[in-house]
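Listed next as structure tokens is one chain, alone, in the form predicted alone.
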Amino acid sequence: MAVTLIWRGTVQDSTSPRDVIESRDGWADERRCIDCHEQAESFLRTGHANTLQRASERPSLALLEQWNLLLDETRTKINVINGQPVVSYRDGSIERNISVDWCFGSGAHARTWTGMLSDSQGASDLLELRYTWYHVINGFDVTPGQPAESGRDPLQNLGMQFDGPKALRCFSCHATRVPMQDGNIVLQDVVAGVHCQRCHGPRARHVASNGQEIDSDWEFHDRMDSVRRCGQCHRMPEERETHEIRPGNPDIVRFQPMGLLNSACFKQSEMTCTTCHDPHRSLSEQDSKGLWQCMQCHDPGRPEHTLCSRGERENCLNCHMPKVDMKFPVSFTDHWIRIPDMGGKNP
């Protein structure tokens, strides 16, 4: 496995985040960051920090209370045994139970549950449950990527199985640290959610020195370094086929850097992801959808700036970065900033 440390210099490729989070050395207790950095406290309220939790935590259990109403038709049900949710299904005349261990997603868009299975070789497989809770409908629908119709096999009725490498990819984008041992995820040591050290790297020595030991490796070295750090999980254009990277393709909208890097605004300026988004604050606590970002380069008070040809001075995003509905009950902002095709090809 090639190792690319995403916090060291400019990352020149889109190596999987798992190459970083398998490291066992140098990790500090994330709670220590709050002692000195006010950003660490506000960060706890972000979607990134809450993008993974154990299924036994209260927000997860509250949603799972609705589960049995949906799953009557599939002959499956969720029970909570000693605080641990368990999915039950019938295999012929035998009732079997699988522990539901993890809840993926912050809830801003959706939440999906998984359990861990062991295959015949003793390796960890992930069972992604068939139904996902969606915020916009406050209810359940089929999990993205799973077939619309359930299969005949009892496990297929429950959901889709991922082998160890794919399971690791899931955790890599939803956790700060995922230790591995003998090819298996050490579940009890997973640091759930994307926290400070996921982007800034292990900081044990920094904490031990009371902040005296500081290096520049945690800083962004240039704007592409910034984008690629986000793109480790939000995906980069080179991860898709060339013909797929085109305006109006809804399949790439959920992967923001794919559109952003092809935007004229990006190519003709020094903007990067953090030009518009403060990664240390939740979206509800920052003005990530306002005009001030656009006004940095399209200010009517600056004669050298390019202005909207329609004379619009508000609602820039409605035309140039619209919301796009997915095939499931979620919409994402299209980050391919552009003049819309009035013929309807490019929303």
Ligand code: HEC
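The numbering used is simple: start at 1 and walk along the sequence shown. Note that this is a predicted model, so its numbers are computed, not measured.
Keep in mind the form predicted in complex with the ligand is missing from the figure; the text below concerns it.
Heavy atoms within 4.5 Å of the ligand in the predicted bound form belong, among the stretches 79-87, 192-200, 148-156, 178-186, to residues of 192-200. Although the partner is absent here, C36 lies within 4.5 Å of the ligand in the predicted bound form, judged by heavy atoms.
At the 4.5 Å threshold, heavy atoms of E312 reach the ligand in the predicted bound form. Under a 4.5 angstroms non-hydrogen atom cutoff, the ligand in the predicted bound form lacks Q66 among its neighbouring residues. Of the heavy atoms in T46, some are within 4.5 Å of the ligand in the predicted bound form. For the marked spot (R229, P279 and T306), a heavy atom within 4.5 Å of the ligand in the predicted bound form is present in each of the three residues. Of the listed positions (N138, T242, N210, N97), a single one reaches within 4.5 angstroms of the ligand by any non-hydrogen atom in the predicted bound form, namely N210. In the predicted bound form, no residue of 85-102 lies within 4.5 Å of the ligand by any heavy atom.
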